[in-house]
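Below, in structure tokens: the form predicted on its own, a single chain.
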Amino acid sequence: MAQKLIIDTDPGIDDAMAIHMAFADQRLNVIGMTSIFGNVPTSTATRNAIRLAEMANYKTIVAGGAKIPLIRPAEPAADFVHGVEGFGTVPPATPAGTADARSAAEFICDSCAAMPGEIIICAVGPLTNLALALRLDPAIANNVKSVVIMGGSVAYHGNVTTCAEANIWNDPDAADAVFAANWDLTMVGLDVTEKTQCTPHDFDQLAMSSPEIGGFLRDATEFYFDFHEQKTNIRSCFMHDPSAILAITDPNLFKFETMPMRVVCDGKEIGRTKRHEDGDRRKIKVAMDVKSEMARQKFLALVANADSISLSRKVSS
């Protein structure tokens, strides 16, 4: 039976990569997506999530999430990484569908209460929606099967500051609440996501195998490659959000360690994730290493079949 999954997301180019990989993986049943600010504003993220589902003929619920962090002003969207509309220079499109009437937190709590122990939440954006879900119904910590986040780093390393990763930095207070909660949590951070990279050639091949979805990702990633090349002098892109999905479907690709974690919420290291030394928090699983070539090949193999799987859904609907 396919694993039930809620993806909390701010699409976003690497979000689109992860979501289309999840849609193409028949080991997963994406019962819903919840939107959050970060790569784009929440309203744009909601629209983009619906658009991605319709592109893949994937029937799922999309619920709009928080528009600002828990207690501090929102940072500007990362349009220099993902483009103003989220998918590089790919023009925006208005989807046919609309968002669920519930908030992201309400949808998450309702779903986990209705199917206790069955749903994994994969959060690949700032963690505000998860913190709000914990406030709304603390029982979610028992009702959810597990939570997997893309964010943070055990090493003193960041991609917004020298020590802060973007998803954590965008709402450090929410992230710390998520790390403190008594649920099964896995962190997939920069320690592993920057070890797996794809190239323009990879996406050219995807466009040949799946002209619609692979072609969309090829066009979107051109902007993403520009950003990475300016930083690394290599025309490639990191596999941030797809790595979090792979940690669910293919955990054998990763080496995990267990440790309690916390987030620095003020001062010059704000947004840094680090080991919590007080011993009063539940240990979480932290991805520390990855079989990067195998992870890359798994992503490419799944997305190569995205169009054919999308067509089969369309025919059977």
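Numbering starts at 1 and follows the sequence shown. These figures come from a predicted structure and were not determined experimentally.
What follows is about the form predicted together with a small molecule, which we do not show.
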Exercise for the section: Please state whether every one of the three residues 150, 159 and 165 places a non-hydrogen atom within 4.5 angstroms of the small molecule in the predicted complex. Expected result: yes
Exercise for the section: Identify which of 124, 185, 247, 174 has a heavy atom within 4.5 Å of the small molecule in the predicted complex; exactly one of them does. Expected result: 124
Practice task
Could you tell me which stretch in 69 to 77, 83 to 91, 238 to 246, 211 to 219 has residues with non-hydrogen atoms within 4.5 Å of the small molecule in the predicted complex?
Solution key: 238 to 246
Exercise for the section: Decide whether residue 34 counts as a contact residue for the small molecule in the predicted complex under a heavy atom distance cut-off of 4.5 Å. Expected result: no
Exercise for the section: Answer with yes or no whether residue 25 is in contact with the small molecule in the predicted complex, where contact means some heavy atom within 4.5 Å. Expected result: no
